[in-house]
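So this first bit is one chain, no partners, the form predicted on its own, shown in structure tokens.
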């Protein structure tokens, strides 16, 4: 694609009333990612000269959720139709001359290869405007392609304006256009809102082109799903299921075992090595990389994390933005928060939470512990109930545990504190001072015993 002559215009201003939601339509998610980001990925792959996104309803919220920053934003203050939305972007396109690719922010399945072929077709046809069509069994909600008896395009009629005969037409308008920029602004000036919605429809530029003898081309695609937009929650589910199945099949073809694809959710950017097994009810999202021969799940959530080879993530574990090296065992029921780094052959057990900490090679945090803002050396054993007390109510502080340390059960490590190499803390201790290499640190109050306590309690109850 000749990106020097291409601008992209993404229409994302509408609320999406048929979604019955206060969330803007383009921020509804497929595989934990807003649908507009899928569209932006597809068009960004061409490195066009300019990308403009037209926003309106909840524009600031949408800007916060859009990936990347290499785009301009145009605001459509009042949502008066797709034609009006394009006009709202004229200021951003400035003096651009060339082809303008126009598509909706609600078409997450559109393939960059399809758009590339579409552009080449448009360029070779010397048309003023081209648009993608497809045949669908249930065309409800989409504009229908109207042709004359010779099969020549006459125009496009929207669902709400179509008569009964027109509603039977299976060929639909995808809402994806490539338009000569000079023709685009010329034709938009001629739009009117003489329709049931009192809106300015972009498809009317097709009728204007036909009536003024400008060449119009249609580009029909066989895989109609990729051109479909999302207007309802049912369509969101349908396209989400289609994408999920396609992604799962791709991983299976590359040597990943997915025990139950129906209950496995993997977002498009995820990479998984061969001979890894994904068990049911597992969610793997974001920019996650999983190595070879891993065992994941069941019922595991992983997001934006790197896992090495031969990692086992057991039942009901939750990982976000962390790094796991080779041979690590996690869970069941562990929580790894952002910036957790677990080195080779370490073990994080059940009901353990790790936050912004490195756990060294071969170290173990087997159960019921919290480790936050800490650096843990190699071959350390942390007993049950241990907590790094990292927050003093104002600031976070570091705990450093050096190599070959044994932390007794129910130890409170009050940061900032350092435990030296091969040191030991006795069970039930609250450690507030640094512990030297090879030392045993004990902090316990004197144990008292009151004889006859149970008998005294019994008499007290009887007296009442």
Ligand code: UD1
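Small disclaimer: the values here were computed from a predicted structure and weren't measured. Positions refer to the first chain, counted from 1.
As for the form predicted in complex with the ligand, it is not shown, yet the points below apply to it.
Stretch-level contact check against the ligand in the predicted complex with heavy atoms at 4.5 Å: of 225-233, 319-327, 241-249, 185-193, the positive one is 225-233.
Although the partner is absent here, residue 273 is not a contact residue: none of its heavy atoms lies within 4.5 angstroms of the ligand in the predicted complex. Contact annotation for residue 79: at least one heavy atom lies within 4.5 Å of the ligand in the predicted complex.
For the chain shown alone, residue 301 is not a contact residue for the ligand in the predicted complex, no non-hydrogen atom being within 4.5 angstroms. Mapping the unseen interface onto this chain, residue 158 counts among the residues with a heavy atom inside 4.5 Å of the ligand in the predicted complex.
The listed set 201, 219, 119, 208 contains one residue whose heavy atoms approach the ligand in the predicted complex to within 4.5 Å, identified as 201. Within 4.5 angstroms of the ligand in the predicted complex, the stretch 5-36 places a non-hydrogen atom from each of 11, 12, 13, 14, 18, 25, taken in sequence order.
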